[in-house]
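Next comes just one chain, in structure tokens: the form predicted alone.
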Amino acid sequence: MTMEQWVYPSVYVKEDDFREGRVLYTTWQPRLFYAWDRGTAIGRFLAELKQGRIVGRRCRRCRRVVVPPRMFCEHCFRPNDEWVPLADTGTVITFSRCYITWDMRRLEHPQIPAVIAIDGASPGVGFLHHLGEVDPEAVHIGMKVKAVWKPADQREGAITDILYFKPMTE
């Protein structure tokens, strides 16, 4: 026996070892409960979405407006100061045409996720959502879009209260 074999002996366990009781084990159904705290910024953002409004937060020092809202400015490292109502329009700053779903199903018509820079927010600030009512070949960076909302009685305070963004007519 080499020193390596002595220090790190191999153990081979076969299915029969479990069936015949040579390996003892137990199983259980864990009861796990999770909770997610929305926090002040996202909680208010989602509550406003339920009302059909988009809001951001402004930093008084650098004047930056961010959406989704955050309580602290990543540029100044200080608290953001005020809530800012924003438009439900924006500009596509990047996008993708997805012909395969997350669970590997082929799509005849692509899903088009896009990052939307919301009008009234600072440049380069936006959030990911879907585009709809659009020819996939017509989508381009710089395209102006508008939110299409769920009916008010179906909103639940989630990003999906915006069904998708559609192109604005010129």
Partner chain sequence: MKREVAIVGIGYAGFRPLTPDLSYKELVFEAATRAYAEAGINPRTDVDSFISVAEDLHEGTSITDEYVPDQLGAVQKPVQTVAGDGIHGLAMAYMQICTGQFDIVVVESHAKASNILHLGHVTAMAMDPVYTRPLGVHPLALAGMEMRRYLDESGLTHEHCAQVVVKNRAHALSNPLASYPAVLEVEDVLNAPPVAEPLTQLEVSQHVDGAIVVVMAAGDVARALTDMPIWVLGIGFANDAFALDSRSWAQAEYARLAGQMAYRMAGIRNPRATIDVAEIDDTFAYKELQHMEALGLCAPGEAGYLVAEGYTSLEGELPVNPSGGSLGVGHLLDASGLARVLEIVWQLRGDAGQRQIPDVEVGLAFGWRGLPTTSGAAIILAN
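The structure displayed is predicted, hence computed values, not measured ones. Positions refer to the first chain, counted from 1.
Absent from the display: the form predicted together with the partner chain. The rest refers to it.
Trainee: Even though the partner isn't displayed, in the model of the complex is Val55 close enough to the partner chain, meaning a heavy atom within 4.5 Å?
Mentor: No.
Trainee: State yes or no: in the model of the complex, is some non-hydrogen atom of Ala87 no more than 4.5 angstroms from a non-hydrogen atom of the partner chain?
Mentor: Output for Ala87 is no: heavy atoms all beyond 4.5 Å of the partner chain.
Trainee: Taking the partner chain as it sits in the model of the complex, is Gly39 in contact with it (heavy atom to heavy atom, 4.5 Å or less)?
Mentor: Gly39 belongs to the contact set for the partner chain.
Trainee: Using a 4.5 Å heavy atom cut-off, state whether Arg63 contacts the partner chain in the model of the complex.
Mentor: Contact with the partner chain, no.
Trainee: May I ask whether His109, Trp149 and Ala152 all come within 4.5 angstroms of the partner chain in the model of the complex, judged by heavy atoms?
Mentor: Answer is no for this spot.
Trainee: Who in 26-42 is close to the partner chain in the model of the complex, meaning a heavy atom within 4.5 Å?
Mentor: The stretch touches the partner through Thr26, Trp28, Pro30, Arg31, Leu32, Phe33, Tyr34, Ala35, Trp36, Asp37, Arg38, Gly39, Thr40, Ala41.
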